[in-house]
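Here are two versions of the same chain, shown separately as structure tokens and labelled structure 1 and structure 2.
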Structure 1
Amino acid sequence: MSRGKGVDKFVVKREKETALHLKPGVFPLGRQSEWAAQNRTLTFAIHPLTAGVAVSVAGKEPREKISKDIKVYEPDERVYFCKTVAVPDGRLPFANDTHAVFVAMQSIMGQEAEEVGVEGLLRMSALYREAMLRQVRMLQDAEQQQQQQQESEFVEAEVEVFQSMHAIWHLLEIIYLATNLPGLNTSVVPYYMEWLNFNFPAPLAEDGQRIADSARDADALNGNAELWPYLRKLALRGHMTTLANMLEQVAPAQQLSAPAARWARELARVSREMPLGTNDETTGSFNARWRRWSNEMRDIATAISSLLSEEEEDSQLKSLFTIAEILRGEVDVISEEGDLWQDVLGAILLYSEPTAQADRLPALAQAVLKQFQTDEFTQLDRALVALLNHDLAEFLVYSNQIDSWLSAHTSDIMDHLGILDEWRSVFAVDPRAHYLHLLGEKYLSHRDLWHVGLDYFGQSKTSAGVSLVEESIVRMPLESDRRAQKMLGVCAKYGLTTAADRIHRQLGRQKWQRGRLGAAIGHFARVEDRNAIGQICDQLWAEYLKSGNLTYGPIIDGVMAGGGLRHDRLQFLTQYRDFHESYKAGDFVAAGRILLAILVDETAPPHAIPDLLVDAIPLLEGDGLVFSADDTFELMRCAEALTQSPLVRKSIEAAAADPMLPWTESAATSGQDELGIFNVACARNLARSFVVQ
């Protein structure tokens, strides 16, 4: 069977389908058939981002095709909004913690990959495992507090998922990272036994303590039916110190035969002397020590075997023989005693091949698995076997069935290790990007993890991933300023200028509608939307004309504080505010100078010129001479342009049609009268200026 076909056979099986319960219901309990017979059914729509579901009653046939006297009930007019939970809230700390590790890994591997090496990846891997263990502890604490059975079952399932994820990740770390560190002893055996005893804890230390506490003396201990099976399990798992201690405790029992007592003490002694390898010891040196120990254990097993022919009914002696056979690496006895294939593989490694490297695991695993019914394997078993066999295609498929977080992060770290390249041809798409996108979609539907989901899209390092970020972010609601700033941060991170412009425009419209005009101008300025800025400035001017109170000063000051925004309308409002303040302070000369600059520089919108000319009348008619002859000629030129220019007339007409600006037909007539007064004032001021000069 080819690897490609091997992947095809793995189909995700859902043991439990998600059920949505509507409350209040759309029909009384037990009357579903009656309800359905009256041309009613349910229709639904799923939100693409939030995974929310809208459910409503609909007709099977159009109303025109059925009787017009059909009854309509109040529940028919309801729309039910439901939310499917893709990520439980309890996973929030785990998702955020591991996302931080993921982002850090992408950063350091992108810039300093050669310097980081295996040791750096091992540290990152340890952070992932710590997050999984924290989640398990948190769930176990929550499980003790759950009172409802349904919630308790969910927590139990979550605990099982995270324990499975940790077991898989821990083994991956051993095979590809821990055993590749520099050192003389790179045997996989101590790492595998640590993994086995941590992730599949048996025998439990609590069981041993309970057996020991229940015995007053050696005879009582020997009489405990759980003792000898427990000792055999200790031998299988390599718990030599505990095994030796309990053998020494039971050896003085009067119920033990003299040979059994003797060999119990001897096994305890030899168990304590089992050699352990170190990183600074060569393989040859360790093998020499191991052979001496193994030969001694074989001699003990042979001696006990010879006694068994004479003491056939000595069950304790038989158990001691079984323990000796396990310790000397007898495969048949190990296979018979091991309940799990992981147990059997661990004992064979520990006692038969103590210096085995990681590349020896596939062959040993295949030999062990022949003794087990693989059809009954769980998804965890299948994922572990695929990992041991270095079949990464099947491994990723099974990992994804356990949890999409696992497949996403394992494919990522495999990619950094460079071992995923040879498997890319097995998949129709890039596996790393595919699984990262799956996890991103899952997180995207959560109200607090949407930005995490976008990062998994973007960090896939594919054009499709960046497109997913852009398509998703422009469809997200701008629920708060904080959320909007996070969205803009994502756009900046991935260079999404078009999406950022759309968000700024949307924010600008929101602020405008809510009356926060300064903030609206700031957002429109980011996208250089001069038209929108001009309309807001016109609104500020219109509010001033309507109320007579110049209150837009703080808004303009806030907008102009950055110094980077340049717009004619903003400059006009700023200059007019300065004119207003100078006039109010009695500095008429400064006020006249500012007013003339506004008109000459043409920063004012054409529809505001009539009001500016009217503002000039008190300065023209004042006691002191504010405008010189040249200044007066400039004012008269502006007034003539106002009456002659078709562009100015068009602007005034457009302003008159704008509902935000206080223009009426009577106001236009009044403007004509005021223009006549302005012309007279200019003539008088011109005469005064000639006299003074």
Structure 2
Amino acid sequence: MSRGKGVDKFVVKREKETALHLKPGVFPLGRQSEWAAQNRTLTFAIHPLTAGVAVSVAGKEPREKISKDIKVYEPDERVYFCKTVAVPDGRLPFANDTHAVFVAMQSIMGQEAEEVGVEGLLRMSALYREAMLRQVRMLQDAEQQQQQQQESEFVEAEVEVFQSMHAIWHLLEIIYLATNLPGLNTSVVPYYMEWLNFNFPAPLAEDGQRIADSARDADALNGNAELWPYLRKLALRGHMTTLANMLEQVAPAQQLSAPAARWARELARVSREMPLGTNDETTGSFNARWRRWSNEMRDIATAISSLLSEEEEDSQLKSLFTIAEILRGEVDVISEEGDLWQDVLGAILLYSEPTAQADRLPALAQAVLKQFQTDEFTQLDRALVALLNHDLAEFLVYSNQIDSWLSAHTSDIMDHLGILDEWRSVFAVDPRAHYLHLLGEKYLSHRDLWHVGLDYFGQSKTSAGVSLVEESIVRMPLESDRRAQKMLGVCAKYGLTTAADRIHRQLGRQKWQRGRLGAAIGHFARVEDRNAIGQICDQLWAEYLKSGNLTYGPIIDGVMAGGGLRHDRLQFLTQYRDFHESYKAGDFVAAGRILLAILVDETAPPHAIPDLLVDAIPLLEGDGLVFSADDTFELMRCAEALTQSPLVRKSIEAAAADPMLPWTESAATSGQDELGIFNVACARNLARSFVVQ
């Protein structure tokens, strides 16, 4: 996908590219240079749908051009099949769960988008996040059971990917969904702090517990070198209750100076009183409460600051001053204390702009990011920054680098929110469709996810998506009848009549090849492939002529059972079977009537007419009169047409040339003899009929 100049502020690095290693290798052990010197290279072909690669050894020059005494190694004859994109089995539950949410979202947004609104999308978003968290828990459980280092590293990497995806999705949910819900308080701050503490947990509760457990009394607690940095972190993250509790615990310490002890207690008290916004409070009312609290905090900071000018060496007092400065929203102190840009942004939001709305985030983020080395940012950082800046094009590119699931689903939800429209011009193709197709391709590489993959193509609701479904489905192996039915179901869902026809043709050919002629006719009948049905009928007829046993009855009954199938050849075979049964039952009049109907209605193929005329001889020569004079004239007309009509002759010649049918030159000669007998029989029957009538 190409991107417009407007957002080309960075070079997209494909940091996640990895090399594929062929096992066993293509070089015979220790003969790498010899291998390369002898006109060898590697050639590959990419599978059009699943991005799988077939790799094999090839010559740099055509073999004819070089000496023939090149040594051939065993690996030269191998073809390696590799997957450039693979969906690990561990992702199946996640892929299926999120596919279900995705399909449900497309369904409800297609029918009742206005009723669903932001609240509905928020519920769907929560389901996506739940699936991500479930996957993280499942991976962490698996990680504990891993014995091998290589697998453990893979699980670790997967956990990181899912945690990154959750962090990004959660922030997207806050910016575009949660803060857009109706209510008096639409501040982004409580959501941001919840996001920060959930996705980048710090300081860890275990550390706090460890510090508390290591101290028997306040003096021991104060003596712990980790205590004051921990308290500063608590202040930065807004963990007021823990901060106040620990300050109160350390305040009685003998080593603490009297002013430090006093202000520790005071800070603990004020921390507990920090105002928290509620949904039913107006911004004005909250601001008034906040100003009072902030002024109190500023007074504390000023008081500690004046004390510090006298007690410069009191490190605890210095830490208390830092905490007070953080709590009153002093940006320089916050920036100094924050390790992550997310921390700094969170503390500024919490203490400087507690009523900030989502649209303040870009400006605040810009200011914060100036203090950080963005070159060292991870893809997660870059994606989050792009999201905060509402730069959706950049965001989607980085999201895709983290995982194609993320770019597909974020672009989808953005599309439902209507915020992707203004970015469409940046991309050469529709970004939602593009990323959904990428994910679909990835899923198609897993055998259990073929249907899921096709749904991602189809639900992109573009002609390209439907074409991808069509192109993919006709190339899938028809492993079983049930699988074929499922594939036909997908065709029906997306209105792919041409693909359904191709599948029926493939099935028809497959069954034909396997000798299942009835089933083959059934499939060719669905696509009205009269030519193929005619050929199968000819094969059935030929088998009858070859063996003399009329065994195709059950086949015809089976395919005609539905009643919807109409084909001249099938009708001919059915009538001919009825003729046989009547003849066998001794009902010669009925048999004669059926035979005449076959000939007069011209349902029989021309090459079968000589045999039908021969079948008429015993009826013409029988004891009773079967054919009237008119009937006999009809029979004679058929015989004349057989000898005179160039079309009929051509058909017979073609049938004789067909290796599938048993006619030969000698058979044609004997046919001439039988025709002579038939003519004589007709003449005698005609005479007899005149006498009788």
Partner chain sequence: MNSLQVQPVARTVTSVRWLPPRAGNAYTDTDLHFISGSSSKHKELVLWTTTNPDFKQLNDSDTTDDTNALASLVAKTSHDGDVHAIAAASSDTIVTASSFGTISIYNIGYGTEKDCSLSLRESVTAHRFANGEPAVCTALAVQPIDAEDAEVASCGEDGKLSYAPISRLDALQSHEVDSTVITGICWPTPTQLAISTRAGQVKLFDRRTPSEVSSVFVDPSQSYDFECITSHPSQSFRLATGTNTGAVLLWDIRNPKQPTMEAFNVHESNVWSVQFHPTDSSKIVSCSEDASLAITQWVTGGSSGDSQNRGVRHLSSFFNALSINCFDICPFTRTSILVAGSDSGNLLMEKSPANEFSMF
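One-based numbering along structure 1's sequence throughout. Only the largest set of C-alpha atoms that superpose within 1.5 Å between the two forms is called the rigid core. On a predicted model such as this, the values are computed, not experimentally measured, just so you know.
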*With both forms of the chain shown on their own, indicate which is the form predicted together with its partner chain.*
2
*Superposing on the rigid core, do we see a C-alpha displacement of 2 Å or more at Ala205 between the two structures?*
no
*Can we say the CA of Asp623 moves by at least 2 Å between the two structures when the core is superposed?*
yes
*For Ala95, is the C-alpha shift between the two structures 2 Å or more after core superposition?*
no
*Determine, in Å, the CA shift of Ala520 between the two structures after the rigid core is used for superposition.*
5.8
*What is the C-alpha shift for Arg483 between the two structures, rigid core superposed, to one decimal in Å?*
2.5
